[in-house]
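Structure 1 and structure 2 below are two forms of the same protein chain, each written out on its own as structure tokens.
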Structure 1
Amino acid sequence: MVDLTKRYDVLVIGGGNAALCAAIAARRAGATVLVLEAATKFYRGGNTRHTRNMRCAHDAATDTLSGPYYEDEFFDDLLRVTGGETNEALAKMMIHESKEMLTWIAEQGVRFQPSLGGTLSLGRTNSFFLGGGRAMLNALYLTAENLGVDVLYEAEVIGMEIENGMFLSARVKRGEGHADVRAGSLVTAAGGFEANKEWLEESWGPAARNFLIRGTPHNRGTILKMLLGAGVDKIGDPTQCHAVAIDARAPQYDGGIITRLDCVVFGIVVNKHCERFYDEGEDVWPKRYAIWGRLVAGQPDQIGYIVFDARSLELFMPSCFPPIKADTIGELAQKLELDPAALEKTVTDFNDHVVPGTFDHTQLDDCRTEGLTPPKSHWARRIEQAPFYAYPVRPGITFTYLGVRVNHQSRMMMADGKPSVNMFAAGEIMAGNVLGRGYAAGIGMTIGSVFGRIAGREAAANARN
């Protein structure tokens, strides 16, 4: 039994990748560690459960990585996706540390495999977890438990006592009541606030009500709010997040990877008025995947429809819900509860502007529209071969970037510019330090692992002093 009256060296709030890396590192550094996870044992590890890979720099190919991915290239990629909105020094440090992460995390029992079918483009840069994120978490939990880390599930932290940047105790829900837990230092790894609709609404307006949350319902930003309220410095923009267009039939929370749709580039995307609103073929899908959540969020009622024809049906990864199917565009519109005349007009218009080309979905081909706004720059083929198909899509929020500012020790920085006495942060809750906007696949786990490990190590050292 976990004894909550005892004073632990390190208290970790959260139960995902960042939390477990911190807990293991702190324990290995000799500290006594308690992990408080809000979710049940099955749902432990929030968004980490849904992941499949992490992006780490490496100087040579490995059993599972098809080639080198040098620190410079990683850094360039990060600069490109964030448009420079990153703390460069911190980002470089993270990328450097990510190299060691590949072996460190394997030593904690996590196993890798070559990139999954359908994700060849990541085979060189990203390390895939054998069995996926939950397998990865299971390994971390097993290691943590073997090392003697205490873990409590269904243990949401609902309050914290923080004085002048110093953590004193946390109030944790226990059944109907609660308990106060003291510790020498604190690591917060409780995720972003993506599951908090009210908070999302503050910056996104009522549109946020129609967002689907791809991962855990537990990442409500309660800890983030407490920290900001206690004078920790804020970093990032509350509207910045990773958001993709997912199947509108997905559940409100935890729909995970299987609601993802990779067929935008093969058809057209219309809003509820049957109007197109963005170039579907602007660039290869992996580079455009993460802009469509935001695009759909900007449309009326936050809904869109991907429409394509029989020729494209088998060109993309299958997804969990079947596409809506009809013999004519008009019938398809009816099934989607759209105006048939309007959809027919949009499709005809589109078809009329497609110029002949040689279709090649493996590269930027010359199939495009001419004289159409918005254009479709690649893979534009007339939508003419029945049956016709559609997927309804909504914005699916992966995670938010607003967080607490940290330094190279993963130590929180206070709004007055001073480092916190004993508080550290890792993972989504501080992602905004390196990820001001944009996204590069697998970097969420890199941020969690690298800063988690540092936070754990530093928190352990801090507790001893």
Structure 2
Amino acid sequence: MVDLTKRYDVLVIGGGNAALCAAIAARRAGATVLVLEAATKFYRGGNTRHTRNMRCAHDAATDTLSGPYYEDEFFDDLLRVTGGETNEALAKMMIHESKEMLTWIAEQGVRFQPSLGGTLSLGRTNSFFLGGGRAMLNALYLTAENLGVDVLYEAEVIGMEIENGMFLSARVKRGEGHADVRAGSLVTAAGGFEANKEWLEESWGPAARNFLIRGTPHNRGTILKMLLGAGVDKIGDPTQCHAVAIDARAPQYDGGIITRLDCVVFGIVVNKHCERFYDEGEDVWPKRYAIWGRLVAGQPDQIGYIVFDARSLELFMPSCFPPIKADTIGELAQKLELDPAALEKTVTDFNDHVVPGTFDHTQLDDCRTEGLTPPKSHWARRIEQAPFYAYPVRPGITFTYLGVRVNHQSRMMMADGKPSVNMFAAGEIMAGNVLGRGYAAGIGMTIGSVFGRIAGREAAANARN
């Protein structure tokens, strides 16, 4: 039974990967720790439940990684996907610290497996969790509880007492009851605000009404607003986020990884007017999949359609929904409620500009278009072999990048430029320090694990002092 009247050394708000890494690190450092998770025990873990892998630097191949992924290459990849919009010193520290995470995470009971197939191409760079994100969470919770970390579910933080950058207590709602929880240090790992449609609409306008939320409905930014209101410095653009193109038939919340579509590189993507709007083969999919949510968000009615033919059907991991199938492009358009003549013209124009090459879905090949706007730089093949297929897609928001500013100790910085007295952050709520924009597969879990471990360790030391 959790005793909310006692004063803990470290209070962790959140229940996902970042929160558990912080709780375990703090407990291993000798602190008493309480974790407050707003969800039920079954739905614990926020967006971590839907993850599959983590990107970490390493100097050699392992049993589950096919080769080295050096720190410099990791940093170059991060610069490329963010366009340089990152705190370079903080990012380099994270990448260096990530080298220890594969061993440290395994020591907490998490197991890995070889890379999955499809268009992921991550066998060298990313470690896949055996059993996925939920199995990872179960291992971390088991370790935390065995170490003596207290965990409280269905515990919603509705208020915090913060004075001059110092956390004093949190007001917690459980059922009809309320309690004030005191702690020497605070770690917030409560996610972004992607499930708060009203907040999204403030930045995106009416387009946000058509967004789907890939993960938990609990990430409404409540804790983030409290912290910013208490004088914590903010970082990031509220319109920047991890947003991918997901099956338009997905549920409003919690569709997870099985609604993501990895077939963009094998076909063309058109909007409701049957117009292509971006290079589908710009780069390897793990470095470009997270731009497609924003691209679709910029199209009329925030809807797009991935069109491909029979040759590509088994080259990618499918959605949980079957593709729409037809014997002709015109018939496919009718099933999609698009203009048949317009879609036929777009496909014909694309086919007429394809330059034949040697198709190789595992690398940047020489199959491209010439004289077409927008181009398709790689994996361009004529769409001509029946049957034809399509997936309708909408923007799927994973997490937002607006968050709290932190330093190398994962300590929150105040708006006046001073570090907070005893407040730390990890995971999505501070991801904007590293991700100004863009995304590469597995970096979210890197941010959560690395900064979670740092935050827990530093929060425990701070509480002792």
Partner chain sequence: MHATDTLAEADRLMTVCNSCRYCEGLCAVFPAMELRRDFADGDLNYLANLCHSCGACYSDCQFSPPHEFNVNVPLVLAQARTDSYAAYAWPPAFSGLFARNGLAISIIAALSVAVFIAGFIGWADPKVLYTAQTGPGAFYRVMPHNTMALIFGAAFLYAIVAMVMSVRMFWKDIGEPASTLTEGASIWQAVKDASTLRYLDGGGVGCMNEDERPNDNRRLYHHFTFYGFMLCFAATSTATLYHYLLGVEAPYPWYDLPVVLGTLGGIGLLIGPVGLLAAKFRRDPAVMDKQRYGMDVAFLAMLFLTSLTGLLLLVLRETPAMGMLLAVHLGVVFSLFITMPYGKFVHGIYRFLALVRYAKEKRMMEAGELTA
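Start at 1 and count along the sequence of structure 1; that gives the residue numbers used here. Everything quoted here is computed from the prediction, not taken from an experiment. Think of the rigid core as the biggest set of C-alphas that the two forms share within 1.5 Å after superposition.
Is the form predicted in complex with the partner chain structure 1 or structure 2?
-> Looking at both, the form predicted in complex with the partner chain is number 1.
Honestly, after the rigid core fit, is Phe359 moving at least 2 Å at Cα between the two structures?
-> For Phe359, whose C-alpha is compared between the two structures after core superposition, the shift is 2 Å or more.
Could you check whether the CA atom of Gly330 moves 2 Å or more between the two structures, using the rigid core for the fit?
-> Gly330: C-alpha displaced by 2 Å or more between the two structures.
State yes or no: after fitting on the rigid core, is the Cα displacement of His218 between the two structures at least 2 Å?
-> The answer is no; the displacement is under 2 Å.
Aligning on the rigid core, what is the distance the CA of Gln385 moves between the two structures, in angstrom?
-> Here Gln385 registers a C-alpha shift of 4.7 Å.
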